[in-house]
Each structure stands twice: as structure tokens, then as C-alpha cells.
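Here we start with a single chain on its own, the form predicted alone, put down as C-alpha cells.
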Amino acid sequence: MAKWRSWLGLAPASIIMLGLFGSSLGYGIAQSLGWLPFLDQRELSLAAYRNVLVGQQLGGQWWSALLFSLWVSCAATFGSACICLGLLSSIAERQQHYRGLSIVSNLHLAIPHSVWAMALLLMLSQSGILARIGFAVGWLDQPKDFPVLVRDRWGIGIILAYITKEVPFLLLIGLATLRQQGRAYLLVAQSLGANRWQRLRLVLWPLLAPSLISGSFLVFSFIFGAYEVPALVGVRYPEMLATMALELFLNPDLQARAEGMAVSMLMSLIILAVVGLAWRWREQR
């Protein structure tokens, strides 16, 4: 009876959330299938998906955006996980540093991605603060000699922005694991004669791996579907799928809205596939 009361207590909020999510998802699917009543188009078809995937105008743009999105998402996720693992390894046996690192991580997470991307743009662009400082102290002949780190075709600026934002998120996940059980296991290993490298390799890393891998799947899914950072520090070509979808959706030609929704639906399917892989990995463990 108590269990049913809990479910009934959650029912009002759940119905509202599911209703909003379901109606938005249904509307997006319908538009991606060509249901555009404001243009008097109500016949459903897969034309938008065909145009996106193999069309002469959008086909090449879709595949290049897909590869670029995968590159940025994988590089940023891998870099964030490696930096997080290195930081946690360096403080794992110094519990007095946990609180300070947790406070700094929480404060950094409070900064919106768009604000952080603008800050990096002001710092790292060829007319930015670092370029001007380098020119002022004589390290550069001109500010334009500063290396291109933002708005570059390799997405370095996007990757840097995401790494510096997602490392605190993964740190909080890893710190939660260390607080629960990491310290005790490390002390036991030390008492049994394990050196520092053995404690890291045989105790700490296997302990952190499940939480960091799960967090990395979340980070990848977020980066793959995010828009604001690529829009601020990226270039128009190659572009990420999120910016491609929004540009199509905002196109003055309302016929392109179906293609924009099709790109969004395809992105959602890829993210669902990543979630499925994460779930399968968790079940196997």
C-alpha cells in the first residue's frame, strides 16, 4: 500500500512531464515526416530523411557534420575523463583536499556553457587577451601570429571549452566514489605492502572506472547534442549536427523545417544508441 501511495504522489508531476515531453516528441516526429500544416502539407513521407542522408544539397553536409560531431564529442569526452582520472589519482590518498576540490568544481559548474565559451573566445582568439599580452611582452610580432585555437576547422576551441566544463562534473562523480569507499581500500592495500603505483593501478582505477565510464557516456551524449558552444567558438564548416539542425529549422524557407527536425531525430537516435550501449555495459558488469 505504501508503494502505491508513493507512485500516486508522483503521478501529477509525472503526467505533466510525460505530457510535455511526449507532445514535443510527437510534434517533432510529425514535422520530420513532412507534416507542416502552416504550409498546408499534411501528407507524411520520409522525404526529409532522404534529403538529409542522400540528397545532393544536404547529404554531404550531414555526413561531414556527423563525423565532426563524433570527433569533437569523443575527443572532449576522452580528454575530460583522462584529466579527471589524473586529478583524482593525485589526491586520492589526501582526503583533506576533497572538500576544496568539490567546492571549486561546484562553483565552476554554476557557470553556463555559453558564458564560459565567450570567456575562452576573449582569452584565446587571435585578437584576445593572451594574444595581446604576447605581443606586448615581445613574444609575438603581431597578435595575429597567435595560434588559432578558437573558430578553427579542427574544433580545438570547442573541445577545450567542453573539457574545461566537463572535468568538474566528472570530478564530482569520482569524489563521491572516493568518499564512500576509496580511502578504506587504499589503506588496506598500503598495509599489505602495495606501493603507490600498485595502489593506483589495482585499487583506485578499478574502483573509479564504473562511475567515470558512466559519467563519460553522459558527457558524450550532452556534447553530441549541444548547440551553444559550437555556435560561439566553432566555424560554419565543418559544423556540428546541432548547429546544422537549428540553421535548417530557422531557415526562411519553411520547407527546410522538416529537414531540420529530421536531423534532430537522427541525432536523438544516435544518442539513444549510446544510452543503450551504456545500459548494456552496466548490465554486463
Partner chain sequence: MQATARKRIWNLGLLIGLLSLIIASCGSNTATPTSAPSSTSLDLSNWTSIEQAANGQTVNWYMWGGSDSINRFVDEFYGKALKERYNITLNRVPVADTVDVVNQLLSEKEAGKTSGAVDLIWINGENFASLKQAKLLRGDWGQSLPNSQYVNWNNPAVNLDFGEPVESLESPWSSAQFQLIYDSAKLQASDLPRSYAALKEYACANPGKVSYIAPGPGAFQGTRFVKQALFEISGGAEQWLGAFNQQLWDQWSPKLWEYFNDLEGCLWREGSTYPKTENELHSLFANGEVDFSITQAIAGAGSLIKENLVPASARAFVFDDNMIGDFNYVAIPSTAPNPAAALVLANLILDPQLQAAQILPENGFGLGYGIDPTKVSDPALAAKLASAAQQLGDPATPASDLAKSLRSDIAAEYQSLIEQGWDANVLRK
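This is a predicted model, so every value here is computed, not measured. Numbering follows the first chain given and starts at 1.
One more form of this protein should be noted, the form predicted in complex with the partner chain, which is absent from this view; the next part is about it.
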| query | finding |
| --- | --- |
| Residue (of Leu53, Val235, Leu33, Leu66) lying close to the partner chain in the predicted bound form, criterion heavy atoms within 4.5 Å | Val235 |
| Ser211 within 4.5 Å of the partner chain in the predicted bound form, heavy atoms | no |
| Partner contact for Leu277 in the predicted bound form: the partner chain, 4.5 angstroms, heavy atom | no |
| Contact test in the predicted bound form: Glu43 vs the partner chain, heavy atoms, 4.5 Å | no |
| 4.5 Å heavy atom contact, Val72 to the partner chain in the predicted bound form | no |
| The partner chain in the predicted bound form - contacting residues of 34 to 59, heavy atom within 4.5 Å | Trp35, Pro37, Phe38, Leu39, Gln57 |
